[in-house]
Each structure stands twice: as C-alpha cells, then as structure tokens.
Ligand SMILES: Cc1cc2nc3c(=O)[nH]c(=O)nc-3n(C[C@H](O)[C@H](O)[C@H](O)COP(=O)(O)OP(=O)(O)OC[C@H]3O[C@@H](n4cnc5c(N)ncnc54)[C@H](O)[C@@H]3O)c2cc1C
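Given next, in structure tokens, is a single chain: the form predicted alone.
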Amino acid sequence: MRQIAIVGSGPAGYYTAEAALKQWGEGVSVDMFDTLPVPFGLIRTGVAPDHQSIKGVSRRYEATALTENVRFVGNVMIGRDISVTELQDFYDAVILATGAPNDRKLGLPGEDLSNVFGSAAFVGWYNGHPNFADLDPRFSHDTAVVIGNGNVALDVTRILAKAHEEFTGSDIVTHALTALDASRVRRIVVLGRRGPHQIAMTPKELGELAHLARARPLVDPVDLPGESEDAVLDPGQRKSVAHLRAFAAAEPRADREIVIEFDFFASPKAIIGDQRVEAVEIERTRLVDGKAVGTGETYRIPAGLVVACIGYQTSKIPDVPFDEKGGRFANVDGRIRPGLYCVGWARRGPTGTIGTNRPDGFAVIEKVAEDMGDGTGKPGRPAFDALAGKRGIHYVKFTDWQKIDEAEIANARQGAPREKFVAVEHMIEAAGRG
C-alpha cells in the first residue's frame, strides 16, 4: 500500500488525489491535510460568491473524498501541528497543494495605510474566510480604486457595484452584504498599467458588467487601438476587447448611479493619506515593446478604498525551499526533494484556471510513481494517528465537514444557498467536535 500525504484540499489537491486513485486503485492510501476544518480551498473562499456554477465543481471533489482510500484531515496546520519532515517519515510521498493564498505586495509608499487591501484579503472577507472575517473595510468615500486588469479585479469591481437584490442566489456572507448595502461608493476606477490589448480579463466576466442593475462601465475611446489591430488577438481576447469597445460606444445612462471607469496606461506610484487612504498617485504610461513605460505625467485620484489585484504567492512552510521571485516552492517540474513534491499554484505560481490543475495533478502523480516504484514501506495513517493522539490534535474528517455543510445550508438567509461559518470554532461546534 502506497502512502500519500497531500497538503491542501483545493482543486490541485483533489485532482492529485483523483490521479493517485487512477494510478494505483486500491493500492494507495491518501490523507489530505488542510489548515481549515472545511475542504475545497479557493472554490469555497476564492471563487466569486455570485458565480455558483463554478463552485459546482466541488461535487466532483466530493466523489473523490468519499472513496475508502481518501481521508480528509482538516484543522491541521503543517509546520505547527506536524512538520513536513515528520510527514515524510510517515508517508512515501508528500505533495504540497497549498495554492497561493497570500497577496503580493504593491511595493508602493502608503500601501500599509488603512483601507488599502490586497485581493486575497478583500475576497476572503466577502467570501467568509476565517482569516479575513474581521477585515472591516470602509465604504464611506464615493470613490474606490481597483488595481489590476485580470478577472479578480473584475470580481472585486462587480461585488462593489452590485445592488442588494443582485446577490440573490449567491453565498456572499451576511457581514459583507450588510456593509455593502450601506456603501457610498459611486465611482470605481479600474487601473491598468498597459492597454486594452494587454488585459487578462475573459469575455464572460467582462461582459457581466454590461448587465449590472445600477452601474455602467466606461471606457475612453482614446485608449482603444484601431479596430484593425484586433486581428492579432486570439478569439477570447478579441471578444474581451469587443466588450470594451461597446462600453466606449454606449450612451450615458441617467438611471445608473455607479460608474465603473477603466483607466488604461495608468501605473500607481503611491497611496496618499495620513492614517487612511485619501488618494492614489498615478503615472501615465505608454507601451514600448509591449512593456509599460512611464511618461513622467502624473495625476491623483481621490479615493477612500484601494484593492490591489496584482497576484498571489504561496505560504512558506518551515524547511521547504522557497522561490521568492516566483512566490512558490522551489521545484523542478514538481519535485522539491526526494519524497517531497508540489502541484498547482504551489508549483507553478498563480496562473491558469481551476481546470488547469487537473493535468498538473496527473503529471505530479506520474513523477511520484516513477520515483517511488513499489513503495517504501512507510506506515502512513496509523503513524499520523498515533502522533495526533499524543499531541492532542483533534482533526476534522469529511463526515464532520458534511455536518458543517448541513448547518450552513440550514442557516442560509432567504435566497442564499448557505450562510458560511466565518470562525473556526463555530465550524468545530457544528461538526460536533467541540
């Protein structure tokens, strides 16, 4: 019996577990560790709450989780409750599938001012992640600045712009919905260092902005290249740029109280304020060989909220080599050192879609199979369980998660699929493991 430990129960973790079952069938035992008492990683706390169809992929992961050979081990922090070295003593292979849950820093003066957030924190706040439940963003100023030109920037912008009734069917947590209901934000400026042809926004997500009940997107036609230049783009990019052209051509709507302004060729240089953000200083840019180069022209946008959506990095784990520049574990094709591997965003950085993690999971299992052969005879689960008993580690199993799931569904406000617990102790109580 091959003994595999996977650290992280998000998409990369579950696709890797699925790959292990296909590789070895009944000849493998997989323990999936997670810091939280709940599984599914960014499906639960990263995917936008109003994109419920995307969250449906968790049903596939549940099928893997309910097999006899896979065990969820929640509420266990690697590096605190048990070290990676100890895991390697117990398991034939340890695979880090921890994702990239931390915000990259802007590296700008003033980014530590109050009401300046990274997207991991801000998205975690409205998605009910326990680490960010107490974030307490303020929406008292009429202008918010969102830095970034990817889908996460679109998610943040859309959540800021939506009316209360547009959250029907979503699982946005109540504390966030209540705060947004009282928001005075009426102008959302989306900053991009480069131009419309360089955005990383996909057509579906960009097109949603045209259908918001009380907001309208605005693009300055001057920022758009000639239509003939769209021919060099791939089909998806062309569709996205077509949305931007439609936004630029649309007539003003008096019934739209919120404006979403796309400010292209704009590079933030500083966050201005005393203790709390009051403005963003920006330098106008131009493209030189595809790169944004500053022109020296600067201006300020008064703002009371800034959300930086510029990327993520993996959490460091003691004794695991880390690539500071890449924001991921140092590895060669998923191999870190003998018996230790990484997969998904922890391997390649925060790129690709949820589905990209599936081939990644299968690829790392092929490497594990190649390195392991017939196994190394390590004890696996019994050894971990003995250590857990000795250290008083009361881990959460998948059946416990199912109780948490049932309680969240039962607690849902009208029109919502669930009301997430935002405190670990409340999850533990709901699981009956207090």
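All residue numbers refer to positions in the sequence shown, first residue = 1. Worth saying up front: this structure is predicted, and the values here are computed from it rather than measured.
The form predicted in complex with this ligand exists for this protein as well; it is not shown, and the discussion that follows is about that form.
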Open item on the list: this ligand is absent from this chain, but in the predicted complex, do Thr98, Asp155 and Asn357 each have a non-hydrogen atom within 4.5 Å of it?
Closed with: yes
Task: Stretch in contact in the predicted complex with this ligand, which is absent here, among 270-278, 231-239, 247-255, 74-82 (heavy atoms within 4.5 Å) - done: 74-82
Open item on the list: Quick check on this chain: which one of Tyr312, Phe167, Phe362, Phe139 has a heavy atom within 4.5 Å of this ligand in the predicted complex?
Closed with: Tyr312
Open item on the list: Please identify the residue among Ala65, Ile404, Val47, Val28 with any heavy atom within 4.5 Å of this ligand in the predicted complex.
Closed with: Val47
Task: this ligand contact in the predicted complex: Phe33, any heavy atom under 4.5 Å - done: yes
Task: Any non-hydrogen atom of Ala292 within 4.5 angstroms of this ligand in the predicted complex - done: no
Open item on the list: Just checking whether Ala431 would be counted as a contact of this ligand in the predicted complex - the rule being heavy atoms within 4.5 angstroms.
Closed with: no
Open item on the list: in the predicted complex, does Ile317 come within 4.5 Å of this ligand, counting heavy atoms only?
Closed with: yes
Open item on the list: Need the contact residues for 391-415: heavy atom within 4.5 Å of this ligand in the predicted complex, sequence order, or none if there are none.
Closed with: none
